[in-house]
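To begin, one chain is listed below as structure tokens, in the form predicted alone.
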């Protein structure tokens, strides 16, 4: 029983690696001309679509309203976010081996701050793509911005844009909650000794 908090903390830290096997966010566009909807998946290290041409179709639509092209190769977060996640998993492994509650609390705090910063960065990314429009756009609607919601659903002209966390986000939540539970359990077991 005394090793249970350490095992839980270790599993929580390693669960971050799950962010590489599932998308962390999903943005869908539904319109009369796209009744099957276009869905873009944002991973920790890539952007994909529900079909091979999804990203190309979204970029064509974006071009008409003056939005920048979504080019995964030009998004630096897709390069350094994976390194941060790998670093946090490795740090969690080291902290699990050190087996010190204060280190575990620090890890949970750091991961929480990184999660908040990641969501804020994503909001800024959405804002930039939706507001910094080309003056050469074929379709111009005065005062119109095309920023999808961070979370939820919003109408953008005749497109219903939906933005929600996807399965990969569950791994960071599992890591935070699991590590926090390990901290709690470690404190509880220490009181019983």
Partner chain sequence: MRSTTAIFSTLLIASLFVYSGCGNGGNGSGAIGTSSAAEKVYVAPGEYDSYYEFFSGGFSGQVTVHGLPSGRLLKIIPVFSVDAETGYGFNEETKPMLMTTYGFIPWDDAHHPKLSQTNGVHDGKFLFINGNNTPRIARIDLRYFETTEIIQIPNSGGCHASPYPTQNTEYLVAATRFSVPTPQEDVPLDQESYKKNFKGTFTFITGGEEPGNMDIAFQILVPGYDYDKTHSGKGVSHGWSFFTSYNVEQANTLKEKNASQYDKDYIAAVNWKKAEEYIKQGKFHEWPSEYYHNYYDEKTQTATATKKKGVKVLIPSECPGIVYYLPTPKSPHGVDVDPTGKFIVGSGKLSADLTVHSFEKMLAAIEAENFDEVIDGIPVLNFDAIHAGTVSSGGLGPLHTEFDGRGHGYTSFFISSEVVKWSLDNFEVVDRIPAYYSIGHLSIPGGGSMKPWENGKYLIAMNKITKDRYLPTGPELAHSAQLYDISGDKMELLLDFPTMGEPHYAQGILASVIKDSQVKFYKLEENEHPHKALNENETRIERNGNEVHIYMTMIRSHFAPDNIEGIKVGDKVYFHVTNLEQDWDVPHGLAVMGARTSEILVMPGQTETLVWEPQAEGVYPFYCTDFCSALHQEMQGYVRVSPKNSNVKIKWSLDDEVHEL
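Numbering follows the first chain given and starts at 1. All of these numbers come straight from a predicted model, not from anything done at the bench.
Not pictured, yet referred to below: the form predicted in complex with the partner chain.
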property	result
71, 76 and 80 each touching the partner chain in the model of the complex (heavy atom, 4.5 Å)	no
The single option of 124, 155, 141, 60 touching the partner chain in the model of the complex, heavy atom within 4.5 Å	60
Answer option from 129, 167, 164, 34, heavy atom within 4.5 Å of the partner chain in the model of the complex	34
Which of 23-31, 52-60, 144-152, 39-47 lines the interface with the partner chain in the model of the complex (heavy atom within 4.5 Å)	52-60
